[in-house]
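Following this are structure 1 and structure 2, which are two forms of one protein chain, each written alone as structure tokens.
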Structure 1
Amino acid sequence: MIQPLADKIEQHLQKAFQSLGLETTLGRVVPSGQAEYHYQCNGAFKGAKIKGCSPLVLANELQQQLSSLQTFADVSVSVPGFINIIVHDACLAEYGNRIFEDQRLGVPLNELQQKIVIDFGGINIAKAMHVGHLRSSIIGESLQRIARFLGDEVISDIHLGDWGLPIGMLIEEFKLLYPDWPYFKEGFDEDTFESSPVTIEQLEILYPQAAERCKEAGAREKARKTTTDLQSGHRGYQALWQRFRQVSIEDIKRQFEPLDVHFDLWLGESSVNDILPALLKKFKDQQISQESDGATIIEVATEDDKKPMPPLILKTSDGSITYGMTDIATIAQRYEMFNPQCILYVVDNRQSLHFEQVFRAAKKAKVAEDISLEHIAFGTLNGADGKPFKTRSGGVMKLQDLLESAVAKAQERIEEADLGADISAQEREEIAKEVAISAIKFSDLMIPRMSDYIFDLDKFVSFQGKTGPYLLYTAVRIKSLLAKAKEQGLTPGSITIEADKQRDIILNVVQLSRMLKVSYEERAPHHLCEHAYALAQKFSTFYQTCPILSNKDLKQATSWLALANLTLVCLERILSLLGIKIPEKM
């Protein structure tokens, strides 16, 4: 295992602080805010307060001790007491070489490895997927990759919305259309259709129709009653609902395929149905829940709440199980199945109140025991009008349509950029797909997740600037460089540093472990996006003035080549943690 460079530097600083009778935590270093230095330590300010001297005096004392160490090329102090560090080139080069050799690129596993459930995707069957689901899928996929890489045992669950009122509404709609279907017959005992009589296209047409119909109270009441009957075990409705589920899951899997989004579990809200009665009874017996106007609720407000905190409704007055109750029961189920340390819910920030209520209720009902429950909220993907992104006709954007428009745009750009002259039409199509997906995923992940952002395909699919395509292009360029070098018989050698451009690359690479740690702790992939973009830029600057293949100095050429290769493996690793694939050619 390679000790991260920042940790190694910190160790030196900690020793120095300790030798002056101060706590080691003061030795924390961060990348320097000034270009001429690599790292800085601000511990002298707090240390001086404890010692009762000026920060400058303390910083100078520390500097005395540190400047003789081999790790550093220079340690200096600037007013009013910052300690500035320049790492020795030999040390940086050694790090570069060791990281290059290391499968994990110098990234240690988490000290504390956890078992975590990540609940993301959250697609509703029979309803069109909306952009909130897209964001959840992209962010959730990246978080699961990051956590796994750092050693967590991750169980991802799509937690399908498959059990609420929309299903009752759809069943009613089908009943109107096909009153003769066996599902609606008294004493139904078998689904006699060989293949599904329901298609996804039909669900997509019928759902909005059903929703429209249910605006009217009578129809709504009927749908409610049907939902309750379904949930209470009506066999015909359950058989029909299985058909909805089956075609929807097939469709969702097909849509997620190109996005490279994966779930370990395809459970849904319905999967807890059997444990609901016992849980409801337990809550009632233990007086955790109450009856209120015929509904069953759990009070979750506390005295120091600053905002209104309504009770969580578990069961409505007409007997339907709520979204909140299925979430509570799902926690109990996950506890039984996996006993995880932590459950992450990657869901739209518009559901913050819901999760606050659910988490409080789960604690109160002691279903979560020691599980830490975290809502990983995110902002909205908006259209140019600042409202949640819709299609031109004002409908909900379907994932497939969104991808298709991105692919078309990518194709245009590939033509314009005159890329891949030697590439077949079929390969081009594949490349356009990967470019499109990188564009959509990267532009989503690079935004700090709580922020809203505007959907701007032109910007996302550009080969310039902070975009997925730019990163793919950089990586592919290095791949082809390596291939050409190989043809010339040139193989990566040992990295040495002779100029800023090379040093800058290594300084980025050695920071990967810290960057990942922050991304993991904050559940925030945007740090990785920044890091990858900075690396790609540093590489471009280097490559512009250091033409590897025409360099006659063999030792230098192989060192440069190693640096290019190191850049590539780092970009590959980061992009894969973001869930982005790199094409072979471009």
Structure 2
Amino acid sequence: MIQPLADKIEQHLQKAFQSLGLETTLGRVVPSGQAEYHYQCNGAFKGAKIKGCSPLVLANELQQQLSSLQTFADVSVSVPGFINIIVHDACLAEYGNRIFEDQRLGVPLNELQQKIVIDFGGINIAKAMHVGHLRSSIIGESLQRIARFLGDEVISDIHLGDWGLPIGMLIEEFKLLYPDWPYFKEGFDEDTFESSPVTIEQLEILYPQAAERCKEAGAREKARKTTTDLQSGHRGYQALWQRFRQVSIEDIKRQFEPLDVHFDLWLGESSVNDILPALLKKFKDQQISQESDGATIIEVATEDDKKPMPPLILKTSDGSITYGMTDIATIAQRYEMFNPQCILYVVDNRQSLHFEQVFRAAKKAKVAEDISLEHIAFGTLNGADGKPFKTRSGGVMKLQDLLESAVAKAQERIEEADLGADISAQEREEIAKEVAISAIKFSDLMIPRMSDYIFDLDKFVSFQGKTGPYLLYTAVRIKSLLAKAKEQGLTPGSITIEADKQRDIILNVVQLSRMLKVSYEERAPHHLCEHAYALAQKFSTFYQTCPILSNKDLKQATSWLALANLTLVCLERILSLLGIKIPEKM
């Protein structure tokens, strides 16, 4: 395993600090903000307070120990005590070659590998998927890829909204339309239908109709009764509910396929229905829960709260089970099934209060004593008006419509840029889809996840600037370069460094392990996006100033080609972790 360059540099600094009787933690380095230096150490400031001297004096003592090391081309000190480091070109070149030969690109596995459950679905069955499902699926997919690459065992769960009053409302709507269906009669026979009589198109039309009808008290009461019967084991209702669930899951999988989003588990709220009574009894017997105005609650407020913290309602006064209760039951279920060290909930920040209540209640009820529960909150995807994204008519935009709009825009951009003139119509269509998905995913992931952002399709599908299509274009350009080189009999050689443009690429590449670690620890893929964009920019500058195929110096040409190859494998790895595919040509 390759030791990351930054770790190697820190080891040298740690020894230097230790030799002066100081903590090794002071040897932390960061990339320098000054172009003429590679790394910077600020440990002399804290160390000087301990030793009772000025930071400049301590920094100079450390500099004298470090200057003779072969790793460094130069170690200097600047006022008031910064230690500035330039890594030797030979060391950088060696790292570039070793990283290229390593399947993990010099990225070590996590020292402490965990079993993690990631919950990033929360989609309701029987409803059309909309743009509100976009961010959780894109962020969640990237987080599970990053965690797996770093060695964690990840179980991802869509956690479907497939139980409760909305299902009862929908069953009642079908009962009005198809009163003769056997689902609604005594002695239901499951073999009545050879295939599902329910379609996703029906569900998408009838769900809003059912919601509108149930605004009336009488209709709502009927739906509540049907929901209770369903959850109590009514065979016909449960069979119809299974039809709802089946066609919904098939449609969800179809829509997630182009986004390359995948779940290990397709469980839902219904999966914990059987354990709810026992949990409610346990909470009551152990005096964890209490009755309040006919409802069952858990008090979760503490003396340290700076603002009011309402109790978590487990069961309403009319006997309905709440999302809070099913969420606690799901934590208990996951503990029994997987015994994970951590559960991540990738859900937008408007649900922050709910998850704070659930996490506190779960700890109080001792269903998650040893599990870290994290709400991976994110901001909203907004329209040009700064409000949550809508259609022109003001309705919620379907996810399918958004994807189709992005593909159409990508096709326009490809034609405008005159790309792929020698590519078949079918290939162009596939490329347009990949360009569209890269635009949607990268635009989402490059934003710090707690931030809201405005969805600007024209900007995101551009082949210039900080966009997914720009990164795809850079990667495909390198693929084309490597193919042409092969035709000329030119193969990548050993990387050497003779110019700043080469050095800049290697300095970016060796930072990949640190960027991944930060992305993992902060649950923040935008760090990887920034890293990939910076690498693509550095390669573009290098490519413009270092013509590889026309270079008469064979040794230098093969070195430059190796650097291009290294750039490609790094871009491929980063984009894969972001869930973005690179086409073979453009």
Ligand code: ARG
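By rigid core we mean the largest C-alpha set that fits within 1.5 Å across both forms. Computed from a prediction, not measured in an experiment: that's the story for all the values here. Residue 1 is the first residue of structure 1, and the numbers go on in sequence order from there.
Q: Is the form predicted on its own structure 1 or structure 2?
A: The chain shown as structure 2 is the form predicted on its own.
Q: Arg254: with the rigid core matched between structures 1 and 2, does its Cα shift 2 Å or more?
A: Comparing forms between structures 1 and 2, the Arg254 CA shifts below 2 Å.
Q: Superposing on the rigid core, is the CA of Arg334 displaced by 2 Å or more between structures 1 and 2?
A: Where the cores coincide, Arg334 shows only a C-alpha shift between structures 1 and 2 that is less than 2 Å.
Q: With the core lined up, does the C-alpha of Lys215 move 2 Å or more between structures 1 and 2?
A: Yes.
Q: I need the CA movement of Asp229 between structures 1 and 2 once the rigid core is aligned, reported in Å.
A: Spelling it out: core superposed, C-alpha of Asp229 shifted, distance 2.7 Å.
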